[in-house]
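In the form predicted on its own, a lone chain appears below as structure tokens.
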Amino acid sequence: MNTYRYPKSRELFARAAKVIPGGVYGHLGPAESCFIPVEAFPMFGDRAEGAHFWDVDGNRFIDYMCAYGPNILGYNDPEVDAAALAALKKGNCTTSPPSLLIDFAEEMVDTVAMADWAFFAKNGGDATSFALMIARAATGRDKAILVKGGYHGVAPWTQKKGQPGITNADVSNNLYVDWNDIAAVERLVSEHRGQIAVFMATPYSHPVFTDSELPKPGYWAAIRKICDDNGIVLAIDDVRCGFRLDMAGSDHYFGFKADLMCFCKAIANGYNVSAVCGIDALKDAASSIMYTGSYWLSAMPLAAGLACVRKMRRIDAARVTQSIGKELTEGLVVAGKAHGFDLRVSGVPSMWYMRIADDDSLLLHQEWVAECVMRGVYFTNHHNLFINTAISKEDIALSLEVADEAFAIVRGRHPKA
């Protein structure tokens, strides 16, 4: 199988590095995305359709990063795009908000099991920051319990002491616990009694560089009780998992009820909107906060989100993506075993994490991913991956063929690994 090359991407990156910090910044850049080796990965895309994207050199990829989550129905989904374009033609960002705002809020309340109301913003970080503010407004308290390794955006409060641009004051109210450690939460609540506003976590643990870990039996029930007994708001960051586990919300999937739920990623199939859903008891607190943005009430993303959620409900996108993910990941594990590799898959199949466990240095895994990418199957290193509903049986078959060839190449280089 021929391998891809990226001369136009390299030329563009050289241009970008002169005028853009880092060339490509954030999670789509070569550093944050762990492009190792960097020459195996494209830097810039040209177009996308369904489960695929094409880079500027004309190479086609089956995309298992899904734009790091927003692609849930396939790129350029006709229903979502038609709704968005219709709203754009009527007037996108206007002085008065569109009535689509109400339609979308009603749809979210009808979809998400815990939701009595919905509030819309732009990014996942907007949603998690607003959830923190709501909890503080409702309780009159300052502190937040967060899980170590959890990711809730890039606002200063979400980052770590000592990171560039972060002061002690930014994170002084954060308290950290290990995932699945109920006793640690109980200790913090006891040590800081009457000071904790919120416990915020993802529905299951999916940090980078580490196997994903599901909640142990009874974990969420115990956390729910601790929060109830101590007047603490329970906020779930469903930005990544949302609608890939359960259309009713990932708290519903794991059998508990959150007070606040944060959504983004899959909510609008790539259009820029996010949401916080909450219970009635927190509605007044949410209303009391001044929190907005210049484009937060623009019509086009609201229309896209409404169409996306309606279609996801109709086809049960969570069930579809889990089914596709199960078929793919089981096949990848079998392909690895055929060449003597222990490919570990963790998390939920629609949003899985994988690593070759035969080498703690991670080099074997990086080599294998690079060989897959250069043959048109786009994985990344050390981050969870995503499934969208447009992935076909043919895509899976080709992906497993490429994975098998890549395993064979890595085994040939490392016969004793």
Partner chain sequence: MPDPATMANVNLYAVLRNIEDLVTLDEEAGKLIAGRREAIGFSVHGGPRGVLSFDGKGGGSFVRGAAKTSISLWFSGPEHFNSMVAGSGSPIPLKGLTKLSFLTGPFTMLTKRLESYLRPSPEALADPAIFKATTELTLYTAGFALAEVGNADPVGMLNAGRIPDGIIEIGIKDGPAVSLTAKGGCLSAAKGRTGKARASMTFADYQAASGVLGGRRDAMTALGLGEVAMSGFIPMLEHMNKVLGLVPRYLA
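In this text, all values refer to a predicted model and were calculated from it rather than measured experimentally. Numbering follows the first chain given and starts at 1.
There is also a form predicted in complex with the partner chain; it is not shown, and the following applies to it.
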Check Ala408 for me: does it contact the partner chain in the model of the complex (non-hydrogen atoms, 4.5 angstroms)?
no
Do Pro30 and the partner chain share at least one heavy atom pair within 4.5 Å in the model of the complex?
yes
Is there a heavy atom of Glu49 no more than 4.5 Å from a heavy atom of the partner chain in the model of the complex?
no
How about His383 - does it come within 4.5 Å of the partner chain in the model of the complex, if we only consider non-hydrogen atoms?
no
Tell me whether Val38, Gln163 and Leu363, taken together, all sit within 4.5 Å of the partner chain in the model of the complex, counting heavy atoms only.
yes
In the model of the complex, which of 217 to 225, 324 to 332, 291 to 299, 153 to 161 comes within 4.5 Å of the partner chain (heavy atoms)?
153 to 161
Note which of Ala67, Ala357, Val56, Cys34 lies within 4.5 Å of the partner chain in the model of the complex, where distance is taken over heavy atoms; exactly one does.
Cys34
Note: exactly one of Met43, Ala390, Cys372, Val348 sits with a heavy atom within 4.5 Å of the partner chain in the model of the complex, namely Met43
